[in-house]
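Presented as structure tokens, the chain that follows is alone, the form predicted on its own.
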């Protein structure tokens, strides 16, 4: 099935970079009428009926999240766009912000009107400074054209939009840590409750949504929530952007209709990844960014019961984290049989140890411990007991931290060992082979029958 392009329809069109070009392509066409003829509640109902789920990783229904906003509070309300995108393997939000900045701004206008925000923010990760400049230029254009500012189109609604750079911390992808950073403090996650919808930015009711989620809202309002819900396979409605990388011929950002493309097709079709980059067979796939469980190829393309998997939240989750995974943020890594899974996991563990804020003891101590054990195994100096110890440490971290970073560090460890334990044992039993610097591209380690 060829790509169904909605969000990416004009991604390769240079006209989409400027406000006038975006308008010529149909952008901003409904903003004035929405502000003058629609009520915030009607927009919220359209988003609810669309079934749009948050595209940042958790997949929580967007309209339901908006409905949690404390409407009884007399404090200002805020919409914060999470453009931190720090999940390894995920780069689809960058694609939108870089190539379609006005698409995001249009989404911010409509979404902010729906929740009653008069000042909203786009939080951009520290490494995306060039994108911050792109967004600032686009926002200046929107102010000059009257889409932002005071009494927009005579609607009586004032709206300001600001861009805020992060400091390059993975933890600020977590919504409460992001809010801490936006307020000028160190990005440490907050204990919940209260949730941001009740007490978020500056202690005010706040909604935090990811770039892709907000960019989809104008399309939902244009076609109607029910029509959008007809795209995909309920409850995975609409389209989803996938950042594909690794040992594939065609790395890039792809837009899929959820539930209509099989995992097998996504890996091998010329419309998507295009198969292996070097002719070697695929070995494993991480489907939703580095924090979700890895799956061997056979379990990625089919469930444990032999049913072909589709690219959707529900299909990939079938089997739980024993034989399934999560679509997450859509950051898809593909590894061929030259990949050493121990080295791969060690690399991930180093990242999570480095990015832990240190606030929670299980995460602070556990990530450091797991990194040391994996370094020892990868150096050919490990013991068989280290393998079970890694699993035990991951269990002690999972579910015992303020934010999901602990889970993000634990799930890859548990799944790598669950599905590729023979490789970890090989590192212990044949240390002389492991110490060969070329062992990761040597003949594949055979899986026991």
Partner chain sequence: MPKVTIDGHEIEVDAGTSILNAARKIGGALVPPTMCYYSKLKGSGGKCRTCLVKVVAQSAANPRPMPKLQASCSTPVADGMVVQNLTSPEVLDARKGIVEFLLLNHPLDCPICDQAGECDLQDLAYVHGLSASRNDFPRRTFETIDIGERIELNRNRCILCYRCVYTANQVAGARVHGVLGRGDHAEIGTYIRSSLDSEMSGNVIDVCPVGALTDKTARFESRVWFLKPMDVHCTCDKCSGKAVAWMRGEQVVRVTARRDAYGEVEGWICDSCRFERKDKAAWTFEAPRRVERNSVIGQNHYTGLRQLLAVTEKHIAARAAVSAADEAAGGATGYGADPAALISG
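All values derive from a computational prediction rather than experimental measurement. Residue numbers count along the first chain shown, from 1.
Beyond the structure shown, there is the form predicted together with the partner chain, which is absent from this document and is the topic of what follows.
Across the proposed site, 191, 362 and 372 without exception bring a heavy atom within 4.5 Å of the partner chain in the predicted complex. Only one of 414, 389, 44, 35 lies close to the partner chain in the predicted complex, with a heavy atom inside 4.5 Å, and it is 389. Just one of 200, 107, 173, 366 comes within 4.5 Å of the partner chain in the predicted complex, counting any heavy atom, and that one is 366. Looking at 353-361, 319-327, 107-115, 132-140, the stretch with residues near the partner chain in the predicted complex, meaning non-hydrogen atoms within 4.5 angstroms, turns out to be 353-361. Taking non-hydrogen atoms only, residue 422 never approaches the partner chain to within 4.5 angstroms in the predicted complex. With a 4.5 Å cutoff on heavy atoms, residue 26 does not count as touching the partner chain in the predicted complex; it lies far away. The partner chain is not drawn, but in the predicted complex it has no heavy atom within 4.5 Å of residue 95. Taking the partner from elsewhere, residue 69 is found to have every heavy atom lying beyond 4.5 Å of the partner chain in the predicted complex.
Along 297-325, no residue reaches a heavy atom to within 4.5 Å of the partner chain in the predicted complex.
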